Each structure stands twice: as C-alpha cells, then as structure tokens.
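Only one chain is included here, represented as structure tokens and corresponding to the form predicted alone.
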C-alpha cells in the first residue's frame, strides 16, 4: 500500500509539472493533427494499390498515428529524469522515505494516462476527418490498451537510458536513433504486405508493429482474436522485461551517488 500511495503522489507531481508547460501540451496536441491531415492527404491514394486492404487511408492511418504519438511521447520521457538529476531533485528524493519503486512507477503511470488521453483525442479527430471503425467501442478500447502497453515499456527504456547515461545529448541522440527506425520498420504508414520483404521480416520483432497490427485488427469489422491476444501478450512480456531493466538502472544510479 505504501508503494501504491507513493506512486500516486509521484504521478500527481509529474502531472503538475506538465500542467506548468502549456506550450508543450499545445504542441503535443497539434502534432498528431498535423500527421493525420498531412500524411492523410499525401498518401490517401495508396489505398488504390492492389492488395492495400483499406477503403480509406484515414481509416488505416488513424491507429498508426495513435501508436506513433505515444511512441514518441514515451521515448522522450527520460528527459524528465535528466532534468531531475541536473537539479538535484532525484538526490533529495533518495534521502527521503519515498518508495524507490514509486520514483519510476509514478512516471510510467503518468505515461499510461497520457497515452489514454492522446489515443481518445486522435481517434475522435480521425472520426471527424471521416474515419470509420466497425470494431466500435470495444475496438477503440483494445487500441488504447495496445497504446498503453507500448508507452510503458518504451518509457521504461527511456528512463533506464537516462539513469545510465545522465547526459541530455546522449538521450536525445539515442532516442532519435531508436524511435525513427521503429516507426518506419512497421506498418504505421504502409500496408504490411506492400512493404519490402526484409522490412516485413524485421517488423515481426518490432513492438510498434505488434501494437499497430493489434490495434487495426481490433478496429476492423472482423477482429482476429488470436492475433490481437498474441500481440498484446508480447507487449505485456516486453513491459515486464523493460520494467526490470529500469529498476536495475535505478539501482546502478543509487550505488553511484
């Protein structure tokens, strides 16, 4: 109970910090709008390609933008830890009775909640732009679950990287190196069966692809339950593994101070 209470308080702290950055919130909300509108217009005729498998590109793109948005938000979450390290906030927490687990869990819970909010807003925007999701509320709920299960492990990896590197430039470079390939080595923008063979092979091991494929299937008229369940299971396993890595990175940091 102590850890849960402390995680709740840490989550509130991170939300308060976020609310003090209205410009950041504004850009976070505007960016997926730009992606949906620009990419939706730029690639809208690719659905005419034989075998694409979607009647309207906005139907195909919306779940991809949901996953991409939470991916980049989670991938940059380590910057908050860098800021706390530079300002000495983390060291002050370490001499307080706060639960050590809560210091990481609070950030991951905040990421999960932000992923839910972003997903709902993007799906609503997609529907305004003409997207239709036969899977209904159940499908949207499963898409949001996939988004959360991607945000948490990526956020945990970003936090672990920040605790080990402790340099803003290193985290920025590593995030760019990881996030862009994860996006383009998936079917966020293009149907899987139209991608080059080697990208299709790599995508099978890409957590972004797991989330996108499961989310799209959940929103379709005939959801593939085994596929959705398998991809969600893989994302859960990844979450457990990365949470362990973040915990280990935090212990390494504790021993170094």
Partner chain sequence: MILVETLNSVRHQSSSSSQPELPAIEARNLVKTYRGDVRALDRLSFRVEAGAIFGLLGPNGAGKSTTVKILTTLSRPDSGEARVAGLDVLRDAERVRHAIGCIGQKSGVDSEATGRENLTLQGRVYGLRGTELKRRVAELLERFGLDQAADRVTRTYSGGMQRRLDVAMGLVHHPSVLFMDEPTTGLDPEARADMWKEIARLAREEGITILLTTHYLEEADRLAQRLAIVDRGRVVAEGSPEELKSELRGDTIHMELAQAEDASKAHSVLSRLEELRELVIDTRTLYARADRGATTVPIALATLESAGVKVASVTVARPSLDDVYLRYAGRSFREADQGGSR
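These numbers come from a predicted model, not from an experiment. Residue numbers count along the first chain shown, from 1.
Unshown form predicted together with its partner chain; subsequent notes refer to it.
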Verify the contact flag for residue 168: yes if a non-hydrogen atom of it lies within 4.5 Å of a non-hydrogen atom of its partner chain in the predicted complex, no if not.
no
Partner contact for residue 17 in the predicted complex: its partner chain, 4.5 angstroms, heavy atom:
yes
Could you tell me if residue 13 has a non-hydrogen atom within 4.5 Å of its partner chain in the predicted complex?
yes
So in the predicted complex, does residue 96 come within 4.5 Å of its partner chain, heavy atom to heavy atom?
yes
Give a yes or no on whether every one of 2, 9 and 88 sits within 4.5 angstroms of its partner chain in the predicted complex by heavy atom.
yes
Of these, 144-152, 97-105, 172-180, 125-133, which stretch puts a heavy atom within 4.5 angstroms of its partner chain in the predicted complex?
97-105
For the stretch 47-78, which residues lie within 4.5 Å of its partner chain in the predicted complex by non-hydrogen atom distance?
none
